[in-house]
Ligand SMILES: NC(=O)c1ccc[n+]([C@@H]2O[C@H](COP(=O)([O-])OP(=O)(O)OC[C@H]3O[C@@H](n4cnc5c(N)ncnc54)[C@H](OP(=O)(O)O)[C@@H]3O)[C@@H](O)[C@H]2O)c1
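Here's a solo chain for you in structure tokens, the form predicted alone.
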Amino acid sequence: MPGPPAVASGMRAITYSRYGGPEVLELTELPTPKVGPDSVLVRVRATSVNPVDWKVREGYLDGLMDAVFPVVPGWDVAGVVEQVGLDTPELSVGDEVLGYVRTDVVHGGTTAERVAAPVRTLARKPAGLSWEEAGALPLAGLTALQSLRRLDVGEGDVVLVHNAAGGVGGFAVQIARSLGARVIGTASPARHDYVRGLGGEPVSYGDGMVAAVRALVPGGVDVVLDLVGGGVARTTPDVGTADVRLGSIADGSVAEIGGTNFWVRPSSADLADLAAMVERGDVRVEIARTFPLEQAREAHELSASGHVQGKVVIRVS
């Protein structure tokens, strides 16, 4: 009986060997990653660029996570299992998966033809999702889902999402709506129609934001999810109820005003729930633009520009 197909010994990957701007990214050849006992080797079809990717590349997370150069950037993945570890009963060769493949060391990321992924970071890809949609979903979608769950968002809540038109914000608006909440989202005027299309009620940033929110919800919102930072969470007492629940992924000082700071974690179960929401039509994946692997620099530049509506995807193979 023939065994599994042989795996190539080398692969193309985007790497950087020092912190810096997009110019440090290079298309290189690397050995195919080794597969640990609880990991599988994924042939990458698509990945995406998230703000954390270029922030890590520029060294902003150096005090939080160790980097082992050369670094392959990226934590999102959609692809096909090519090889399994010694103890991975959850998956088999040929399975289509998506995942948030973050480990404790910044090194072997997903902007490559193959990635060794712990099974705890993966879930099965729904057949109805394209590779690009699946590659764009994990990190941003999980950040939104886990944040809303930790804020105990449910039926009848009124939720204010700051930066509702961003990658995480777009998912947060849709997921909160699917949980039965009413959603108000801050966004620039040019993106108000986009927020409405996701099921939110848009208000503009700036000095008039508090009055605009109070006009929509005179009694105050129940939940504030800050996805932008810059001190915007400090307006929470002015827009919330007396027992408003506040969380932020962008402002570590929210604990000083009774809030919670979130950091997304890999979870197969949460990822499966998220994929099911997309498959049911409760959540859709908005893709701003797709780049080939060779144009990873351009993909990082677009993500860092701050003028992106939806996700930036890199098609690997």
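Residues carry their position along the shown sequence, with the first being 1. Remember, predicted model here, so these are calculated numbers, not experimental data.
What comes next is about the form predicted in complex with the ligand, which is not displayed.
J.: Spot the stretch among 81-89, 113-121, 217-225, 159-167 with residues whose non-hydrogen atoms come within 4.5 Å of the ligand in the model of the complex.
T.: Looking at the partner contacts, the answer comes out as 159-167.
J.: Can any non-hydrogen atom of F69 be found within 4.5 angstroms of the ligand in the model of the complex?
T.: F69: no, not in contact with the ligand in the model of the complex.
J.: V24 versus the ligand, in the model of the complex: is there a non-hydrogen atom within 4.5 Å?
T.: No, V24 sits far enough from the ligand in the model of the complex that none of its heavy atoms falls within 4.5 Å.
J.: Using a 4.5 Å heavy atom cut-off, state whether P51 contacts the ligand in the model of the complex.
T.: Flag for P51 set to yes.
J.: Using a 4.5 Å heavy atom cut-off, state whether A272 contacts the ligand in the model of the complex.
T.: Close contact is absent here: in the model of the complex, A272 is far from the ligand, nothing within 4.5 Å, heavy atoms only.
J.: Could you work out which of T241, T235, S188, T103 is the residue within 4.5 angstroms of the ligand in the model of the complex, going by heavy atoms?
T.: The residue in contact is S188.
J.: Can you list, in sequence order, the residues from 131-146 that come within 4.5 Å of the ligand in the model of the complex, counting heavy atoms only?
T.: L139, T143, in sequence order.
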